[in-house]
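Below, in structure tokens: the form predicted on its own, a single chain.
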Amino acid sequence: MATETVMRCADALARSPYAERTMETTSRRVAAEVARTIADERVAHADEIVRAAAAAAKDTATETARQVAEETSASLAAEAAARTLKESREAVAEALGESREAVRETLGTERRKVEEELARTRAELDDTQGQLTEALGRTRRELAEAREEVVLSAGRFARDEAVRVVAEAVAEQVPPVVEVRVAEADPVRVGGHSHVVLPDVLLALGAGCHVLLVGPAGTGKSMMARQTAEAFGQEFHALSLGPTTPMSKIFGYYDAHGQYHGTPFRSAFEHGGLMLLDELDSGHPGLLAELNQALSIRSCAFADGMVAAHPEFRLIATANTYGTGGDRQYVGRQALDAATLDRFVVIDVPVDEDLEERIALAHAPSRPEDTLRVIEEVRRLRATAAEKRLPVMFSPRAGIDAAKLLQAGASVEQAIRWRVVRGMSAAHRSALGLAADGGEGAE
């Protein structure tokens, strides 16, 4: 009965599966309550039971209808939401598809543009690479040509430099040969370290003239006379003159036994040879006057008689002055008679610094740098003394002797002190810029 009552009241809702389950459950619960009510005798009559069941069923139906309505509304809302979500999804999918298509089209267009740009860039790069390759090849060829030219230039330079170095070494070790030709005669040659005026001396003697060499001490005048004899292939004779040199030194003499004693001058005059009269301006004027005859007419009165000069007789005289007498450096020199001077060709012999250096280095082969230091100091002192007109001398002999001392083991300071500036006064040292102890220049 309860079931029928509930079904009657809930007919409108009985079509829903959820309503059917709900009513069945509710009917059972109501039936159970009715049974308990009957069992407890809470209801006396069946009408009351019916009314109570009807009321309960009505209340239950109402509640059930409310719950069904809520569930239905929720279901409908869920279905609408699902439908809306589906539609949204479809719209989003459609929009996404359209976007994807647009993006695909855009990407395709951009890709084509990029590919075209890449192709153009690649072509430009290929063209640039080709140009670079061509330029690189051209540069390599130019470098190869330049390298060959550099190699050839370096080779030529190396050869020229080697020749120069060898020539300099040979020039230091093997002095050049001096050659002089006089008229139609065979050329005269002389080797060894020679003064710059040696060719002039050879020329004058080859012409048959007597020569007077005038120059400072130590310039190589005597050495030139010996070299001249070698050049002409003649025997060399020498005699140094002084104020007390007797006539017998020139013209010979008879001893107590009546035997005649010749002289170097007699030998050269009679048999041919080169005679050196060293320090002519120191000789006695009377002695020199006796020589005038022999020098002018080539005939001389010796102690044992007159002798004619040999065709190959040659004479060289040396002097530190021009026959004007003593000066501040050569105080002991004699004035020479004009007639005597008139017998000579006068050749000036200045200091030959190249010759000075070569000879000095030849005497100190193991210490060339120290030798050059000494030579430079000698030249400085020489120039200073000449500028200030000091009565001191720094001849090439000073540097050459100092080089000999260096080779023997002396220091540069010792060589200069012992040979170059020895014996100088404090005033001269000060004027020359030397230290008070006479060492190297203080400037």
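The shown structure was predicted, so the numbers you read here are calculated from the model rather than taken from an experiment. A residue's number is simply how far along the shown sequence it sits, counting from 1.
Another form exists, predicted in complex with a small molecule; not displayed. Remarks below refer to it.
S.K.: May I ask you to choose, among 241, 359, 300, 204, the residue with a heavy atom within 4.5 Å of the small molecule in the predicted complex?
M.R.: Of 241, 359, 300, 204, the residue with a heavy atom within 4.5 Å of the small molecule in the predicted complex is 359.
S.K.: Out of 310, 373, 189, 193, which one falls within 4.5 Å of the small molecule in the predicted complex, going by heavy atoms?
M.R.: Looking at 310, 373, 189, 193 one by one, just 193 meets the 4.5 Å heavy-atom criterion.
S.K.: Considering only heavy atoms, tell me if residue 400 and the small molecule come within 4.5 Å of each other in the predicted complex.
M.R.: Within the cut-off, so yes.
S.K.: Even though the partner isn't displayed, in the predicted complex is residue 320 close enough to the small molecule, meaning a heavy atom within 4.5 Å?
M.R.: Residue 320 belongs to the contact set for the small molecule.
S.K.: Any chance residue 227 has a heavy atom within 4.5 Å of the small molecule in the predicted complex?
M.R.: So residue 227 counts as contacting the small molecule.
S.K.: Might residue 283 be said to contact the small molecule in the predicted complex, defining contact as any heavy atom within 4.5 Å?
M.R.: Looking in the predicted complex, residue contacts with the small molecule do not include residue 283, since no heavy atom lies within 4.5 Å.
S.K.: Tell me which of 245-253, 258-266, 286-294, 214-222 has residues with heavy atoms within 4.5 angstroms of the small molecule in the predicted complex?
M.R.: The contacting stretch here is 214-222.
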